[in-house]
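First, one chain by itself in structure tokens, the form predicted alone.
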């Protein structure tokens, strides 16, 4: 039995116990389920999977989308649910706050039963190899399901939506059709990072489920958006850089026309990757390989690794829509959550293809504009600041809290050269209703391999700064909040901790 099957067997064994306990609690309480989930694509996918599963079982439920699960939010949840005694589920967060949840929800006035379905490192755990994970696992069954309990890496091998999917599938086997939404969540958390954009670990098992049910098709394709105008899709690719052509859509259009490819569609617009036939795609790929080889002296085999990827097509969705491709679907959900329209994203992921989807497409346009404007502002105004071992930026009145993490991620994956990939980047956005900065840290894979762990770094920096806020996430991506008057000391302590993690004396 390989490691994936062994992990899945243990996970399913515990989920069977969790299902039994969950249904007994519901029967005893005679009440509804209240799901709390995160606002990003993975969180919305998680909430939608649970909502769809409960709808099918005639279990009353409601879903609340939160920007973070902070101490203040937990207190608010306790106050809101004291009288109703709802069964609470925390999806795509909760592990990093599990001690707070125990303290606040299990009180002398009675217990509020809750279930955590999460993929982040548990509270006070710094790495997946920490021996204390075993103790947390033993002490938190059956109300806490986390991949690290089963030797599965939650930052790469399964997302929050994947954990919720396996729970939903345990509730009822017919929920196997929700495998597609679990993959949307994993894509939103950038977990398709195996060779050629493949899924690994338990995500690969979820993909097998979706393929078995004829829900997903995997094709080899060029690594560009399939639905944007082709010159724009290539120009603004974060993976493929063509000197002199990237970020210049008019020059890119002329380049494509020089290949003898008709670039105008029947409606007078510019064709997309979806509009090209295989011969045309072959012309484009050959020309790009030749161009990059000459300009950057890179071996064709290395270019192909980035240029040709697995594309995941949802077979029951409309061709050319944002829902036909896993990556575009996840991007749409992320735009909903980041624009304070999480309920639209959940409705779409649960199957609404009319009102919610049409509204979301409007929000998507504005979301894209805000990302482009934010990145341009950072670049033009030279807003990235540097310390010896970290770099950081403040969103000021341009980049709001809801997209600060997205911008930090885009900087890390960008080929623009705007930041130093040998240092983690910390985005700081002023929260509207509090005198605090929301902090989103991101680190490139190359320095994570050298020992950088942002989840641990943020927690240690908070402690060094005498701050009580909750913080954590994954080694390459983590966050917290910091009072405005403590931001300088916090960032300096991040600098100190990262230096230590890199083993620099």
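Note that the structure is a prediction, hence the values are computed from the model and not measured. Residue numbers count along the first chain shown, from 1.
This next part talks about the form predicted in complex with ligand C5P, which is not shown.
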>> Please tell me which of 156, 144, 120, 169 lies within 4.5 Å of ligand C5P in the predicted complex, judged by heavy atoms.
In response: 120
> Just one of 452, 53, 478, 63 has a heavy atom within 4.5 angstroms of ligand C5P in the predicted complex, so which one?
Replying inline: 478
> Where does ligand C5P sit in the predicted complex: which of 443-451, 468-476, 29-37, 44-52, heavy atoms within 4.5 Å?
Replying inline: 468-476
> Taking the shortest heavy atom distance, is residue 86 within 4.5 Å of ligand C5P in the predicted complex?
Replying inline: no
> Is there any non-hydrogen atom of residue 97 lying within 4.5 Å of ligand C5P in the predicted complex?
Replying inline: yes
> So, in the predicted complex, is residue 461 in contact with ligand C5P at a 4.5 angstroms heavy atom limit?
Replying inline: no
